[in-house]
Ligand SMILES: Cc1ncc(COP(=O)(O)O)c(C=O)c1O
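Take a look at this single chain, the form predicted alone, given in structure tokens.
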């Protein structure tokens, strides 16, 4: 037993009872965004009806309550990943979190940054842009089994200042050993940034154990609303970092002749904060805590194993994920001879939602896998084996009708 009561869990997600094209919705696009439980949906309504006020700036009752729920949300998120509240910066999403580091960290011209071939564009483009400032960017290769070569991190290029990598690939599902990579990188004087957008929603995550210097993730992939994300910055790592944005609430004192900035996290939260988003993220964290992340990880592993076992029955279907030593609930594939968009369209006709295209990982898919796109099914803890059965059956029908031998 995994500790997940799937029937009760599914009742918490109103959208799962929706009909799409006359069929029961099967939502297999969780790597793009997760669905939201009633606790989060109703919580946002409660916020606007009972709390809504600009936080921090005023001392009236509503503003003080808004400030409290904002600070409470920061504490909940910090506890969720075993961090301290002052190490948690609220941003819009993982993309903004990584861009914040690229703009704010004091990189020098002789510095180098290491990324990988399996990165989402969010953890690649911010670094490639730094080439314009004369900063070198190195790209770690991906093996035939979609693994990173750990030996690369034992011999980092000279002057590597930052190692940036994903914890879990959104295309191949590969789960990287970020703890060991962080250890090896630190031995050579490099800091480490982990894109955890595809891992924190699905497994226990401990920043102290992993020992990364920066961790980025998005709330909307873990039951929270759109527009709220997190950048974890290890204590003291932010020294000499400059603010990404300037404006209200990120200064201690200002005149026309001087500016005294606030400390982190306030330093990086200029302007009116997304309080309702943070409140919703706090509620999402509570929901996941009640389930238990160990239970979430175990149940998803059970579903993933079942999916790959059933996938052995498929004909005229190529699979591009699940080859690494450890992988998550990503299933990337193509029907031979059929574009991924066509496959996604045909599945949608049966109420099955999957992603198609480059998945914001074009170098990996186009250059490394030599594809013009891929379809992707991605699972979460509210999915079922029955949904997997329907997906495999429908995919088999599509492959039999349109697939090329």
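Numbering follows the first chain given and starts at 1. This one's a predicted model, so the numbers in the text were calculated from it and none came from an experiment.
Keep in mind the form predicted in complex with the ligand is missing from the figure; the text below concerns it.
Exercise for review: Report yes if all three of 161, 193 and 234 come within 4.5 Å of the ligand in the predicted bound form by some heavy atom, otherwise no.
Suggested key: Answer is no for this spot.
Review point. Out of 270-278, 257-265, 71-79, 120-128, where are the residues with a heavy atom within 4.5 Å of the ligand in the predicted bound form?
Key: That would be 120-128.
Review point. Just one of 215, 223, 197, 113 has a heavy atom within 4.5 angstroms of the ligand in the predicted bound form, so which one?
Key: Of 215, 223, 197, 113, the residue with a heavy atom within 4.5 Å of the ligand in the predicted bound form is 197.
Point to revise | Option touching the ligand, based on a heavy atom within 4.5 Å in the predicted bound form, out of 166, 329, 332, 174 | key: When the ligand is considered in the predicted bound form, the option within 4.5 Å is 166.
**Study point:** Close approach of residue 321 to the ligand in the predicted bound form, 4.5 Å, heavy atom
**Key:** No.
Review point. So in the predicted bound form, does any heavy atom of residue 284 sit within 4.5 Å of the ligand?
Key: It does not: once the ligand is placed as it appears in the predicted bound form, residue 284 has no heavy atom within 4.5 Å of it.
Check your understanding: Does any heavy atom of residue 230 come within 4.5 Å of a heavy atom of the ligand in the predicted bound form?
Key -> Residue 230: no, not in contact with the ligand in the predicted bound form.
Point to revise | residue 375: touches the ligand in the predicted bound form, heavy atom cutoff 4.5 angstroms | key: Judged by the heavy-atom cut-off of 4.5 Å, residue 375 is well away from the ligand in the predicted bound form.
Review point. Can you name the residues of 93-110 that have a heavy atom within 4.5 Å of the ligand in the predicted bound form?
Key: If the 4.5 Å heavy-atom criterion is applied to the ligand in the predicted bound form, 93-110 yields 93, 94, 95.
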